[in-house]
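In the form predicted alone, a lone chain appears below as structure tokens.
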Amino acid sequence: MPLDPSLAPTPPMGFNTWNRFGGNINERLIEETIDAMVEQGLPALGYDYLNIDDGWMAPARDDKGQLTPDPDRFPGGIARLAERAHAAGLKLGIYSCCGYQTCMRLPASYGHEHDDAELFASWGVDYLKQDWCRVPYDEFPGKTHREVAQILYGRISQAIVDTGHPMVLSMCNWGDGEPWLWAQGTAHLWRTTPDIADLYRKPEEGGAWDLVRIFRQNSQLSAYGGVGGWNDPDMLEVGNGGMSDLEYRSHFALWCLMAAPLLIGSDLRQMSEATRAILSNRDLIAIDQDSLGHQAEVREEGDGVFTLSKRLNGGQRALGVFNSTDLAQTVAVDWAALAGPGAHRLREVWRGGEDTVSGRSLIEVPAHATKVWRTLAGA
């Protein structure tokens, strides 16, 4: 039986601990982040998941074979944090892994899928991120990585269904085995790339991917994501300091155009005004959360400049121009190719102004910037 797609009618939004804190997490951090999310007004914008990533578990299962929270860092347990999150109007997410151990070498779910799903359900968990470290490929002789992923994610998916408790499943196998081709119904979102680095462009290959590389990969997959099952180019780095505010604006705008999950990865207790302005842009959030569930298509690509068009509910469109190069570009935008023939009234989402366009126009786009418009009814 497939997972309930109605649990993710739009890309999930919220916060995840990993990008900013790694495994250095504890009960107090989660409590303070719950308070910060409410104080910053994030639930009203749609950010309603607070997801605890790797590092919450004790070093070993208990004598009954159950996962337990680390007694020093999470003395009150996960169920109490779920209650506190729910009381604040939020949902709580937890982390596990398909392998023997998590990426931090803590106990994971291989061979314990049903036990762990039942445990998370009993705690009131609303979201599970299931990682892909230390997978026992040797126990599946002759199977490809894709086939092993289909087996192991199928197990945890069915275990969640069997609990009868509503829980979003995030598949985090870094695009291994092209999950966008088969994961619909098994998970509500699936990673399409390796982990993101807090860098616009990395000088070397290997390891986490930079913003531009992740965009290039995920933007090719517009045919596969949609309502109930989303392409996931990884969590947001906005506010973590490795990029400029202009680059973070591109990061957020591109993720919204691509209908990506929006999981904040910076410290919400110390959010700058610039970070707040980016993450709270209602026009972009509306584009990301549009009920039609379409991912923007790349209509033109040349010399590092991309033009994108995303269909929206009601016959409208979101349009974007991303200049990935290191120099400002004058871009000839074909509005008919992006939005259809005739004149179009547009709202520019960063500055808020409106214009009427038709035919072709020359648009100045600074280096590393992304301009985004939304078509409005009437011209």
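Heads up: residue numbers just count along the shown sequence, starting at 1. No experiment lies behind these values; they were computed from the predicted model shown.
In what follows, reference is made to the form predicted in complex with beta-D-galactopyranose, a form of this protein that is not presented.
For the marked spot (W18, R191 and M235), a heavy atom within 4.5 Å of beta-D-galactopyranose in the model of the complex is present in each of the three residues.
Contact with beta-D-galactopyranose in the model of the complex, judged by any heavy atom within 4.5 Å, is made by just one of A88, A79, C103, V298: C103. Shown without its partner, this chain lists A259, C172, I94, C98 as candidates; in the model of the complex, only C172 has a non-hydrogen atom within 4.5 angstroms of beta-D-galactopyranose.
Heavy atoms within 4.5 Å of beta-D-galactopyranose in the model of the complex are found in exactly one of 270-278, 123-131, 250-258, 208-216, that being 123-131. Proximity of D290 to beta-D-galactopyranose in the model of the complex falls outside the 4.5 Å heavy atom cutoff.
Remark: E118 does not count among the residues lining beta-D-galactopyranose in the model of the complex, judged by a heavy atom distance of 4.5 Å or less. Proximity of D195 to beta-D-galactopyranose in the model of the complex falls within the 4.5 Å heavy atom cutoff. Taking beta-D-galactopyranose as positioned in the model of the complex, the residues of 39-60 that bring a heavy atom within 4.5 Å of it are, in sequence order, D53, D54.
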